[in-house]
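One chain comes next, on its own, written out as structure tokens in the form predicted on its own.
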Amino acid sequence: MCQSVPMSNNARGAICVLGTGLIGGSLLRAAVASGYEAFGFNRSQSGVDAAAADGFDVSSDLVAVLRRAATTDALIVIAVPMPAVDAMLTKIAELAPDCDITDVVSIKGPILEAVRAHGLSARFVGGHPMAGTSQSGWAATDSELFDGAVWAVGVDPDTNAASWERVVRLAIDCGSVVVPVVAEEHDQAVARISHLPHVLAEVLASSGATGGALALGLAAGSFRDGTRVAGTAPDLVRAICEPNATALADVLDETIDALIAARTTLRENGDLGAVVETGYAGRTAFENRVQREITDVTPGKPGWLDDLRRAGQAGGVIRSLDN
């Protein structure tokens, strides 16, 4: 556990969630379940009505929501797709510039750049819960979505310690463990373990459908599991993957090279070559990974951000802020 001063639920302050789709809505549910004062904004009135029917405080009036955030010193959580982030930051800069800010968008570099461009970096801490389903919208939200999940939290240069602790505590209270990471390294990593799987699932699903009724009739567990995320709405997949185009393209190059090598050995020798062994080794490494708890870093002390970055690179996680 990182060393910190324990805080009560009341001392944590309010949570303002901008966007109540799957991730934002699930975060709103989880925060309320953990005892936070939490409220939110959603662009569509149907989403607002659905949340209200379940007893949650959500409005389609962004100005009123942000004014409330400013009044209550809320932690603002940006939970809209990347194309809508800039507009949100513009309104935050206008109406709630002194609030702590985090996000749950699947890339961090472009978010950090946009935050800096709007002059909001002093109290911003990037975030990315590694959780989700192929469903979307308020109907898919679940207060337990983040239980046991990994939540990436930024430790980029000049991160404010108090803001960082607030974001980490929210992630932990939602049931997650925290991995500290800088934006560039986060985006490179998720290109491999999140965005590439989306692309491969799309290709696999397309290949199965091209095989016609017989292929789909024979499809079973490996096809189902390998194509699960291809059931995500196409516009959402684009919003997740395309902003990370550079890192994703690099990983796709590696993947294509590996597939070409497998095709070559299959045609020439009748075997798949190294791809099966390296794939098995990779899966085994994933199953056997060790999440060492980070216990020796105090936020705000000299070198704390570099210490956390190195700990995250080594597979470390934060499970608690209280000693």
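Note that residue numbering begins at 1 and tracks the sequence as displayed. The structure presented is a predicted model; accordingly, all values stated were derived computationally and were not measured.
Missing here is the form predicted together with another copy of the chain; even so, the following discussion is about that form.
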item: Residue (of 168, 181, 92, 78) lying close to another copy of the chain in the predicted complex, criterion heavy atoms within 4.5 Å; value: 181
item: In the predicted complex, the one of 97, 137, 83, 197 near another copy of the chain [non-hydrogen atom within 4.5 angstroms]; value: 197
item: Contact segment among 159-167, 204-212, 97-105, 117-125, judged by heavy atoms lying within 4.5 Å of another copy of the chain in the predicted complex; value: 204-212
item: Contact of residue 152 with another copy of the chain in the predicted complex (heavy atom, 4.5 Å); value: yes
item: Contact label in the predicted complex: residue 70 to another copy of the chain, heavy atom within 4.5 Å; value: no
item: Non-hydrogen atom contact residue 21 with another copy of the chain in the predicted complex at 4.5 angstroms; value: no
item: Any non-hydrogen atom of residue 276 within 4.5 angstroms of another copy of the chain in the predicted complex; value: yes
item: Every residue of 225, 237 and 241 near another copy of the chain in the predicted complex, heavy atom within 4.5 Å; value: yes
